[in-house]
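Form predicted alone, single chain, as structure tokens, below.
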Amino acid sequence: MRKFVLGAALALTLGAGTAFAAEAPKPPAQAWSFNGVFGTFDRAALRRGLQVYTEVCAACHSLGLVYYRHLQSIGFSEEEIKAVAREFEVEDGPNDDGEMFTRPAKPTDPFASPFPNDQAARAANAGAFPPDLSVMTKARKGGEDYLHAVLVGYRDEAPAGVEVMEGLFFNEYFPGHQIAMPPPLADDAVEYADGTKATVQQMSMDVTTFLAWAAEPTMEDRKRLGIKTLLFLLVLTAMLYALKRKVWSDVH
């Protein structure tokens, strides 16, 4: 399965010398459904993004701050959540013999980690540690745009005059343009359950939407509360202004 190492490649490549001095262009801004005061997550995109994560990203990356039960907030039924969780094994125990054991994940478990420990993760990825993706879109301003740009920014050939170091790949939007992570996405890498064409562009948008939700699953509740608070303050301000005029009406 394709490796999906996003942040680990940064630490691996930034120390490679002056070849990484080139400045990457600003990622193009995307029309994310969840942007803005009234923005919400596209439920269909979230489902597709979860599919991309589980079939591509989960081979290397954990999502340790998100629990399977949280999927209920984006429209998954209890049975669907159980089915998603059962696809992964988690360590549990000790049992009556004092030994640890593995079992299928449950809705009450956090998303399963692909590796038992950090050392195993590094050993499987040529020394690079695949970071947890729970808050990946919050790692920098405009994180959603940057993540999407990197995922679609691979080029088969570097521009003339640019020499790509051995073991690295040219990426238009990665700092220095050279990245250790192989292209994680390819057309038709997954078969979407809803029949959507699985292009690199589509998969990148979907998995980025899913990771944006993972980083802030209560965003919609926060926005709703904020709107209610603003409406309350507007009404309260109008009432206080009317009261002030009433109290001071006899003075003039």
Partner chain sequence: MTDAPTAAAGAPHEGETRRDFLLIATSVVGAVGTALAVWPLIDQMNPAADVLALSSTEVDLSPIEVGQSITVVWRGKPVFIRRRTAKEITRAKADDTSDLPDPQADADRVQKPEWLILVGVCTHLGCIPLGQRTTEPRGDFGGWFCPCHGSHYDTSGRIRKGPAPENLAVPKYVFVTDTKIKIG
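Between two forms, the rigid core is defined as the largest C-alpha subset superposing within 1.5 Å. Numbering follows the first chain given and starts at 1. Keep in mind the model is a prediction, meaning the values are calculated, not measured.
Another form, the form predicted together with its partner chain, is not on view; read the next lines as being about it.
- Checked against its partner chain in the model of the complex, the residues N117, N95, S77, T108 give one hit for a heavy atom within 4.5 Å, which is T108.
- When contacts are judged by a 4.5 Å heavy atom cut-off, R43 does not count as touching its partner chain in the model of the complex.
- Taking a 4.5 Å heavy atom cutoff to its partner chain in the model of the complex, the contacting residues in 219-241 are F232, L236, M239, L240.
- Once the cores line up, the CA of T229 ends up less than 2 angstroms apart between this form and the one not shown.
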